[in-house]
Ligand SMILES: Cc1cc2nc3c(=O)[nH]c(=O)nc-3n(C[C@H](O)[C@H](O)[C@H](O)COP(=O)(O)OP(=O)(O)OC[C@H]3O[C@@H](n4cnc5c(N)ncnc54)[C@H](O)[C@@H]3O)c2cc1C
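In structure tokens, the next block holds one chain alone, the form predicted on its own.
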């Protein structure tokens, strides 16, 4: 058991930290109000942070899960609005899934454009009826044509990067029901480009957090699509989606840890300087005891997160007999703990700041708005995480909601 970092991991963390603190942290308010500037995206590409889990063969950095998680933590530490970390983790987690399952022909067409920052790689599984219950809510339909091509119909909603994809072009991993009789084995992934697509209409939703990246939806109407844009085997989409969610949950855990630590450091700096009744706020146990609790909470969530990442690397590296459900358990534990911890930390620090914490003169409100998205539902709501954990603890016979 080793809780240290390798030399490669240490150097990688420093490189991402230095880049993020110099190029991103001073511009968080700009990101929150105006969107992510192109020069920052260009810098991300130069750093190898755009779909960095994709192998070098397709222009990526070939990062393993732990290295990708380190980068996620440092980006969260720099951009507490969480817009840029969202952009990062979508590309990192689903880029991994795309490369793992797409055909060689499709990977050669799509992935070099993604890793060079010219194409947005997204995930489109959520629909107006919900997101986590894929089997129950997915209505988007794919009908196979006599010539082997497909015709897609349906609506996706609460999808990250809609506005950006209309400018850049996109490869949305779009989950579609291709066999209505096969339950969870009836879903297939397709790569869909929204830009200049006459059979697709889009809409934007104005979130109150992580506003630097757009959110919206799209509707496909009799959209023709060649079978070459199918990702993986027919009927395997559900399993690929679960794998992508598990990967993303580790990155979300790291993002929340980085952002929460920044918030706590801001708060500690403030309570050491601000005086009340002749003493610094930090001298009062009503302040410094909660600070100590938040410090422990951050470290606890970080340990869960990096264990999830480490186990995933053992699995993908063929060094263990773990199964995907084992990774799902640890990803769910990280996702359950980290967003709630981060929100509590930001909220605690806002209390210390008093009236200033309720103003936009101080950036803490961006973090409150940003981390809340992760406990509401991104990559699965909190009760979905509890269901996954309970399933492993108690057994599927007792916890399957369809029983």
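It should be emphasised that the depicted structure is a prediction, and the values quoted were computed from it without experimental measurement. Residue numbers count along the first chain shown, from 1.
The form predicted in complex with the ligand exists for this protein as well; it is not shown, and the discussion that follows is about that form.
Not one of 136, 141 and 154 is positioned with any heavy atom within 4.5 Å of the ligand in the predicted bound form.
This chain lacks the partner; the member of 377, 43, 363, 354 within 4.5 angstroms of the ligand in the predicted bound form by a non-hydrogen atom is 377. The contact with the ligand in the predicted bound form, taken as any heavy atom within 4.5 Å, belongs to 215 out of 188, 262, 215, 191. From the list 226-234, 156-164, 103-111, 314-322, the contact stretch for the ligand in the predicted bound form under a 4.5 Å heavy atom rule is 156-164. Although the partner is absent here, residue 373 lies within 4.5 Å of the ligand in the predicted bound form, judged by heavy atoms. Though the partner is left out of this view, residue 178 does not reach within 4.5 Å of the ligand in the predicted bound form, counting heavy atoms only. The ligand in the predicted bound form comes within 4.5 Å of a heavy atom belonging to residue 245. In the predicted bound form, the ligand lies within 4.5 Å of some heavy atom of residue 123.
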